[in-house]
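Coming up is one lone chain in structure tokens, specifically the form predicted alone.
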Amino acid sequence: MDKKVLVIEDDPGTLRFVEYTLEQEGYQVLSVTNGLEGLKKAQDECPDLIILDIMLPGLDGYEVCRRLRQIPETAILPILIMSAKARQEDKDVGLKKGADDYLAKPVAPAEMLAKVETLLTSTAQIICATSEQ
């Protein structure tokens, strides 16, 4: 599969769950536990997708998402927010800040994998269409 996924998550249990689930499907997983590290890792590693928590130490996920969209190298990366903040208002803010999709925790492995695959597929089509122009 060779797709690289950056996971920005500070909860150790959730991080292990996401890493294990993705690795079982053949994804290369990079992980960091705070927003500033996430921004740096996204620029340094050029992942194919980012899974982002909202409640992070330092910069929260909303701010990380907003900043990722402002950096040319990361502006088109698909971002999946996965957060315990499950109210509709939280989802609306995440999408306004630039997330491509939003999952409320707890998440079933199959649901997360389906969202990841959908985002990777749609982004690959956008990148291919852009490079053909």
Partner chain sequence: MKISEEQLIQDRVRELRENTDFTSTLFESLVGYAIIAADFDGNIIAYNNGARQIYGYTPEEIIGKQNIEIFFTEDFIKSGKLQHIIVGLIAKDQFSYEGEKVRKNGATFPAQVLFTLTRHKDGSVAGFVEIVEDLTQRKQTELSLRNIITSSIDGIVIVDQKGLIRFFNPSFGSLFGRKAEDLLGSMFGFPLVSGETTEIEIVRKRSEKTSIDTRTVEIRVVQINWEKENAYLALMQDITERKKVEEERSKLERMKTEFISNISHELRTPLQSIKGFAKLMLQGKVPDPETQKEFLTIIDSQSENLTRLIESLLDMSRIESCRFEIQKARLSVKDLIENAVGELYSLTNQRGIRIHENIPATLPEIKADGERLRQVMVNLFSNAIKFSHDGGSITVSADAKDNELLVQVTDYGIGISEDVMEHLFERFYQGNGSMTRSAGGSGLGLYISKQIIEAHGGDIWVESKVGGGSTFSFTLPYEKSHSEGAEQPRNPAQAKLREGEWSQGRNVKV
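This one's a predicted model, so the numbers in the text were calculated from it and none came from an experiment. Positions refer to the first chain, counted from 1.
Beyond what is shown, the protein has a form predicted together with its partner chain; the following relates to that form.
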property: Asp10, Lys85 and Ala108 all contacting its partner chain in the predicted complex, non-hydrogen atom within 4.5 Å; result: yes
property: Its partner chain contact in the predicted complex: Val32, any heavy atom under 4.5 Å; result: no
property: Exercise: Gly98 in contact with its partner chain in the predicted complex, heavy atom 4.5 Å; result: no
property: Distance check, Gly26 to its partner chain in the predicted complex, heavy atom within 4.5 Å; result: no
property: Contact flag, Thr21 vs its partner chain in the predicted complex, heavy atom cut 4.5 Å; result: yes
property: Contact residue in the predicted complex, chosen from Cys46, Met55, Ile76, Ile71 - any heavy atom within 4.5 Å of its partner chain; result: Met55
